[in-house]
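This document starts with one chain, in the form predicted alone, laid out as structure tokens.
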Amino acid sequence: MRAMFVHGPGDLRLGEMPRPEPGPGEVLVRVRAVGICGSDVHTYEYGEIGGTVIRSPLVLGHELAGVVEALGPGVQGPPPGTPVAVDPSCSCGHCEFCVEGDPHICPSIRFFGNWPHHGGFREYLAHPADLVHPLPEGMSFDEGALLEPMGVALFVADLAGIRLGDRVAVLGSGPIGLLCVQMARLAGAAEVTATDVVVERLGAARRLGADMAWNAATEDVVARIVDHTGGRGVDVVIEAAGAPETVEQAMEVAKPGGTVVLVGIPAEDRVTFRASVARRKGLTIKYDRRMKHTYPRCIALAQAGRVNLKALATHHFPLERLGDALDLVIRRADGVLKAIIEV
């Protein structure tokens, strides 16, 4: 079967790999749509992410949807022909952290597209049956693939503890940030402010629920937010850009006693900010590590029309043009939000 491999920084090649057979407890999925995530871009550009280096050719891609093709031994369903979203995170299920209900921080976790585990930019994959989620009738493969980043945003809202009437700032309006805007609004935020350096993304933030969207490339967004709140700051800050300046901004615009959730993955594996600001304000700082148990909730919200996933899927490419899609996302050109690879 066809698959697209990263061999090193900027080195992408179309190749072949054996079509898998589903084992006990697994289903075979024919991949139909895969979204390009910022972590895919990082791994493609640098040949590593978070200290995990590509040591052999790797298939990227973890935001995916497809169709069940076959069932492995002992598997009762979902039956062949069922459209599904695929949870790319395989935890062990029996360690201390899994048993406590935190599979997202399992030390033995196997995550698609993170070396040495191949991801979804290929035609077929075998996957645990309990980690594929049937899509409701009428839900597209694009939307199915976007359930993964939506799950991250939903978990971020959980971590942030957004209360009815809170003021929330989302720093970075890429796909994750735009989903965080929607989740903050659904969680009961009275006001949501978004920032970015790309004009098209600011427009998208307004359309998807932000009350204000300010351009960090042309104005002092810290001053704007602080002035707008009468010097108080916001209750919750979601940092979704992974840039050193946005982490610093997050500490500056949070109110005393506020919460900051760091979502963005920095280009360098390091985050710094002024300790005095965070300390004097008594900030609660949390890190997002993907999600846990959010697919059913995401599907319910999307099915009810409470979140707009379709608006994020702005560009589509065939598998053999994955390099062009990655280049577009890296340049943030042509109003791209989420590039989807159709396999």
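Every value quoted in this text rests on a predicted model; they were computed, and no experiment measured them. Numbering starts at 1 and follows the sequence shown.
The protein also exists as the form predicted together with a further copy of the same chain; that form is not presented, and the subsequent description refers to it.
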Thinking of L58, V59 and I176 as one candidate spot, does a further copy of the same chain come within 4.5 Å of a heavy atom in every one of them in the predicted complex? no
Give a yes/no on whether F97 approaches a further copy of the same chain to within 4.5 Å in the predicted complex, heavy atoms considered. yes
a further copy of the same chain contact at H315 in the predicted complex, heavy atom, 4.5 Å: no
Within 4.5 Å, heavy atoms only: does K281 come near a further copy of the same chain in the predicted complex? yes
Considering non-hydrogen atoms and a 4.5 Å limit, does a further copy of the same chain approach V226 in the predicted complex? no
Using a 4.5 Å heavy atom cut-off, which of 133-141, 101-109, 67-75, 197-205 contacts a further copy of the same chain in the predicted complex? 101-109
Exactly one of M291, V31, I49, V27 comes within 4.5 Å of a further copy of the same chain in the predicted complex through a heavy atom, and that residue is I49
Residues from 168-204 in contact with a further copy of the same chain (non-hydrogen atom within 4.5 Å) in the predicted complex: M183, R185, L186, A187, G188, A189, A190, E191
